[in-house]
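Coming up is one lone chain in structure tokens, specifically the form predicted on its own.
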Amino acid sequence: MKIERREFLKLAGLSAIFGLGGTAIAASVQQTPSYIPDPKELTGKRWALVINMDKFKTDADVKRVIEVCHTKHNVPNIPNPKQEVKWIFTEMMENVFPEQQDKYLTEHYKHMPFLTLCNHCANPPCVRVCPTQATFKRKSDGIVMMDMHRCIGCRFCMAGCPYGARSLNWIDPRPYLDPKKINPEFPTRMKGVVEKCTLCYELIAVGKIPACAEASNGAIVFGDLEDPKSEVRKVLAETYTIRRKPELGTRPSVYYVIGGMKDAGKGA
């Protein structure tokens, strides 16, 4: 059997890689340092947020939380609402809690804009429908993540999410970033990928709480649902809270205080 020169060279190259060269390659792989977490990293089994809209004194307080989140994560400010990208945003109660609507509901909540974001569900449908595993749930703490490099822009996750918490970059988002506010420590995105809130995993990794909770002056409480001593569990034990569309079985990790005690969660 004759072997063409090109095929011979190909076989020779493969032999070098898996033969003599294989040992050197294997050795170099073994010498690659493993990831070492920051000693200050926050650890929890299931991170959650409790949002008390009554604690936001003004619309400016709400806007500040949104601005802090979007600036820290290089979220573009695109004026066209059909192309906008949102990580945390406001919606009226009729859209956030449609199942709670009633003509006898207090006017206070009927006209209140509620902060909404990814609910980091314990049973996230977006993860199940993603064909490339670009969206996945971390086993360590339950955060639903996005790998922008794996995303192919199919939007299955957007269709699967019952909370409208995901945005597709229909256009290149980078021209819509303020050069003076770009955060060099967080990557920018490109056209054709989906993005959403990732619960500030990069801040948790260095011992900090999510930016929205930090900027909310106690209106948003962050903590571990599995820890009975966490601030989140204290608030849930003392106040009445609801979650978005719990009947779907997604088990959201974002709770909303409704008519709760004024001092619940103070100092969080």
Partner chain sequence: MLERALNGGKLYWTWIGFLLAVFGVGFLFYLQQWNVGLGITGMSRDVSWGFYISQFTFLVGIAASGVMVVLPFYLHDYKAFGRITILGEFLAIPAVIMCVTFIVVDLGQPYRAMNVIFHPSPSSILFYDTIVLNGYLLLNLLVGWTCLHAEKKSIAPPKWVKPFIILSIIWAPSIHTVTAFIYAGIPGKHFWLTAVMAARFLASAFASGPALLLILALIVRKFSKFDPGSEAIQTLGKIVTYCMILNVFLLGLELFTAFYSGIPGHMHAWEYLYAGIDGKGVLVPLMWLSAILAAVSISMLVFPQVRKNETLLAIACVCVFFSLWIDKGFGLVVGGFVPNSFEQVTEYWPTLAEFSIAMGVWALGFLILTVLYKVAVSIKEESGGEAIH
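Residue numbers count along the first chain shown, from 1. All of these numbers come straight from a predicted model, not from anything done at the bench.
The form predicted together with its partner chain is left out here; the points below concern that form.
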Using heavy atoms only and a 4.5 Å cut-off, decide whether all three of 89, 192 and 245 touch its partner chain in the model of the complex. yes
Just one of 177, 158, 122, 145 has a heavy atom within 4.5 angstroms of its partner chain in the model of the complex, so which one? 158
Which residue among 128, 108, 181, 138 has a heavy atom within 4.5 angstroms of its partner chain in the model of the complex? 128
I'd like to know if residue 187 sits close to its partner chain in the model of the complex, meaning any non-hydrogen atom pair within 4.5 angstroms. no
Quick check on residue 82: any heavy atom within 4.5 Å of its partner chain in the model of the complex? yes
Indicate whether residue 166 is a 4.5 Å heavy atom neighbour of its partner chain in the model of the complex. yes
Wondering, does residue 151 line up within 4.5 Å of its partner chain in the model of the complex on heavy atoms? yes
